[in-house]
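Coming up is one lone chain in structure tokens, specifically the form predicted on its own.
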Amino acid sequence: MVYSHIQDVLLGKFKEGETVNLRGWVYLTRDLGNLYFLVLRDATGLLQTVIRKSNTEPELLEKIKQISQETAVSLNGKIKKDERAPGGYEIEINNLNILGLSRDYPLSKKSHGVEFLLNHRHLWLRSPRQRDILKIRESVTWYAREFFRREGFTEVHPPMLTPSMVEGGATLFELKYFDRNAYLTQSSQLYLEALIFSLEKVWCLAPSFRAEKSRTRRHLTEYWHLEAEEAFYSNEDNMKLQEKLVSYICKKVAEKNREELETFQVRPERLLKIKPPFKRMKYQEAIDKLQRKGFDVKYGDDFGADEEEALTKDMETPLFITNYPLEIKAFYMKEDPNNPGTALCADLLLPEGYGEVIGGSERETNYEVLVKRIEETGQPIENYKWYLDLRKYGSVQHSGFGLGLERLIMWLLKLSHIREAVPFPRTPSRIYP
């Protein structure tokens, strides 16, 4: 038997009166005397179906009595236009089969608390809202892949297990790797740097892990990290690439995902405003602005969620913060020769107070300088021997960045918390389910 999707019906691919075969899960049931309404859902949408009890065989009516929320069914029936029905169509059921019964489904139509929903995340994902988030997530990754291919990048797959840190020892998840210690990766950057010497421009999309006990609405301990590294790129080139990537994704989502955006009351025009060049502000200017706003910050302080929100809350387009003090940034960042003591780096902050989504920099290429920086971290230099080799054998100017996928999706859809942007969120207090 050939089955169609609900979306095929809603898009008018069948004529009124035509019989169609559908399968999915029961989203809602209503018993109104002689009429029994059953709202069916599948991966493409919701569709109202109806049974007229007076014209229905007793055997089918017995099946209907067994059906409750999330029962899996297959059915066939005639298509009928009805402006009162969601989507403008409904199905008059001829026959129905129960594929899998559902009893006492815990997620009723009433309101549930956040912890209850997270404990039942495996079921919460069935809701239309969560489905649309997952669809946007898939679309964003597709558009990113499309962008990088157009820009001449090669997708690569670095390891998730590493012998050394990238960002800082305090945020490492340590584990036993046979007879030695290893870590879950904080970033694929160091491996991407190795790969540019054969492929020049590379990117990856992979999990990264940060053992941060941050409990803000923007932090996860496991998140998906879109990272790129480019040979012969300056920090300026790097920022221009980031502008193009983010604006490309926004444009494609605005054009291709209008139906999902409606779920979150996001107007496509909001995303179509995101065009290069993005505004830029030096770290010192940001400190000055925050002090004028009453923040107790001084030069050398890093920015947290509150500071980033204050810098961008009234903006409609992203903002680059450049030239952070070298001492508060990672060991691999190159010093700006025109602004000594600062790094050739940039953090991209999303507008409307959503904060940092990208961190990027030009990389230090001087062997001796890099050795000194690594020693200052307290890490064994032998763990980085392979990385230092990259500076000994044909090193070139290069830059790169990392984008937090969930943070981008959170902003795109105006989500109140990042945990909705990933199917199964991992936070300091949650690893179930």
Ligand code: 4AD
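These numbers were taken from a predicted model, which means no experiment stands behind them. Residue numbers run from 1 along the displayed sequence.
The same protein also has a form predicted together with the named molecule, omitted here; what follows describes it.
At the 4.5 Å threshold, heavy atoms of Val246 stay clear of the named molecule in the predicted bound form, well away from it. Proximity of Asn257 to the named molecule in the predicted bound form falls outside the 4.5 Å heavy atom cutoff. The named molecule in the predicted bound form is not approached by Arg121, whose heavy atoms all lie more than 4.5 angstroms from it. The named molecule is not shown here, but in the predicted bound form it comes within 4.5 Å of a heavy atom of Gly402.
Interface residue among Arg131, Lys252, His225, Lys201 relative to the named molecule in the predicted bound form, by the heavy atom within 4.5 Å criterion: His225. Contact with the named molecule in the predicted bound form, judged by any heavy atom within 4.5 Å, is made by just one of Gln189, Thr185, Thr322, Asn235: Gln189. Here the chain stands alone, but in the predicted bound form its contact with the named molecule, taken as any heavy atom within 4.5 Å, falls in 359 to 367 among 359 to 367, 298 to 306, 80 to 88, 260 to 268. Contact with the named molecule in the predicted bound form, defined as a heavy atom within 4.5 Å, is made by none of Tyr143, Ile196 and His398.
With contact defined as any non-hydrogen atom lying within 4.5 angstroms of the named molecule in the predicted bound form, the contacting residues in 192 to 225 are Arg210, Glu212, Arg218, His219, Leu220, Tyr223, His225, given in sequence order.
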